[in-house]
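Heads up, the chain below is alone and in the form predicted on its own; it's given as structure tokens.
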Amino acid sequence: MKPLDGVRICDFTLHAAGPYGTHYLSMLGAQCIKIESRARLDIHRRPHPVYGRLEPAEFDQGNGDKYAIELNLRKPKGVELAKKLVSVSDIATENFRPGVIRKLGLSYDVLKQLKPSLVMASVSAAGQIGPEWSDPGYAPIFAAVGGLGYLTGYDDGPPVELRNMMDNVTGMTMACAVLVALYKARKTGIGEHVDVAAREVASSFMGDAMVAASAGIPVQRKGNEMPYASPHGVYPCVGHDTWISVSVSTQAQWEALARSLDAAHLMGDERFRDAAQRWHNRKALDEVIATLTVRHDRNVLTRQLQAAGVAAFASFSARDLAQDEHLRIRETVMDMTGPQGKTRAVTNAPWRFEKTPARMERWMPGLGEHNEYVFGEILGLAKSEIARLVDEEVIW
């Protein structure tokens, strides 16, 4: 058994933040029923030519293991069927713009009457209450208004907004909160509404910057710098767009780095004689280190530096990750083959349980792939009734 075997999720979420959260829960064993319609198709089902693919890309990674049905919530009968599905589910999730779920007649106040133990999660940019509750948003906006974007970038340049990470972290935050609420519901029989604001997820990572600012200490972008650690950055290696990340925080590490780069003479350079001088002259030091690392293969240099006690590792691209031996052995990255026979590398669950399997098992579902199972076996509709609802564009 998986940890969440027997738990059912009625998943109204689309795009990224919501689906990533329910994806983690489905890998833990929950039966996640993804609700879409041709009237409101998940945008990530569309091709992504910018990723070099003329087929959906991101949809693969956030919707594997799910059951997909078509249900047109613009039709009263569609809303009625959604309520029936919620009544036999443990969790409902949505990431409509705040207010939309209420207009559809599927708000938590309505659904908890059908099932008092229901846990419902709503994911939005700014939350369900507050002066900015109705504002829409996407990942870069979450990071910008949450403060993380302002901290990201170089001290002589503008903020650099974060993208995919914000959706993923928001989804993981939702999954964590839902599990806690589900645990409570199993103990008390009483569910609750979980309100997840993506901008607040971003702000929760501000930590020391928030404390410093409240104490009147200026907070600035640091780029790749770390106070009192130098060299500390990403440096070029042999090959196009190939890099190694290096961090030196002690005198012993500095000397080991200099020897590994065949540059022992740097230990006698007055500009770099100790940590204080290296930090003061860090820009000049970065330039020197870059002229040395560019002569080396990043993987060979990584092993050499780590053996010498220096924190270093290659900066991996997505292609590097897909081919990485360590991740392959741990099955963090694995190949899956879809119904058309196409094999893709996918990212598996980022955890390992000693005895309990919790991983991605199935390829992404096609639109409406599980209509017959969900409407027929779970809700008990006859095939003739399902066919009629298809004709009426309710199951559509």
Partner chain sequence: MTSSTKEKSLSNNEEGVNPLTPQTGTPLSGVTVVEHGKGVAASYAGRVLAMMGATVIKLERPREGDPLRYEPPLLPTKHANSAIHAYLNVNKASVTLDVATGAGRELLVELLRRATIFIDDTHPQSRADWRIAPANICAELPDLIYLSVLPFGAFGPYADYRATEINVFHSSGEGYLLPNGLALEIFPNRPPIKAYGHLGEFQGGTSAALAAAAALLALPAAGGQTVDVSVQDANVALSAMTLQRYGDGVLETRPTRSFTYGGVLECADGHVQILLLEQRQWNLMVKMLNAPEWTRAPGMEDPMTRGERGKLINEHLRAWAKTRTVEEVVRLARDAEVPLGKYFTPPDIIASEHERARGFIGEIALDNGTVVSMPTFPFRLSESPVPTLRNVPGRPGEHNAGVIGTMLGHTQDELDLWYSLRVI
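Note that this is a predicted model, so its numbers are computed, not measured. Numbering follows the first chain given and starts at 1.
The protein also exists as the form predicted in complex with the partner chain; that form is not presented, and the subsequent description refers to it.
Although the partner is absent here, residue 193 is a contact residue: one of its heavy atoms lies within 4.5 angstroms of the partner chain in the predicted bound form. Using a 4.5 angstroms threshold between heavy atoms, residue 90 stays clear of the partner chain in the predicted bound form.
Taking non-hydrogen atoms only, residue 255 never approaches the partner chain to within 4.5 angstroms in the predicted bound form. Taking the partner from the other structure, the partner chain in the predicted bound form has no heavy atom within 4.5 Å of any heavy atom of residue 270. Contact with the partner chain in the predicted bound form, judged as any non-hydrogen atom within 4.5 angstroms, is confined among 78 to 86, 98 to 106, 184 to 192, 259 to 267 to 184 to 192. A heavy atom within 4.5 Å of the partner chain in the predicted bound form is found for exactly one of 237, 169, 111, 289: 169. Note on the partner interface in the predicted bound form: the residue among 284, 275, 212, 294 having a heavy atom within 4.5 angstroms of the partner chain is 212. Candidate site formed by 61, 180 and 323: every one of these residues places a non-hydrogen atom within 4.5 angstroms of the partner chain in the predicted bound form.
Contacts with the partner chain in the predicted bound form, taken as any heavy atom within 4.5 Å, map to no residue of 381 to 396.
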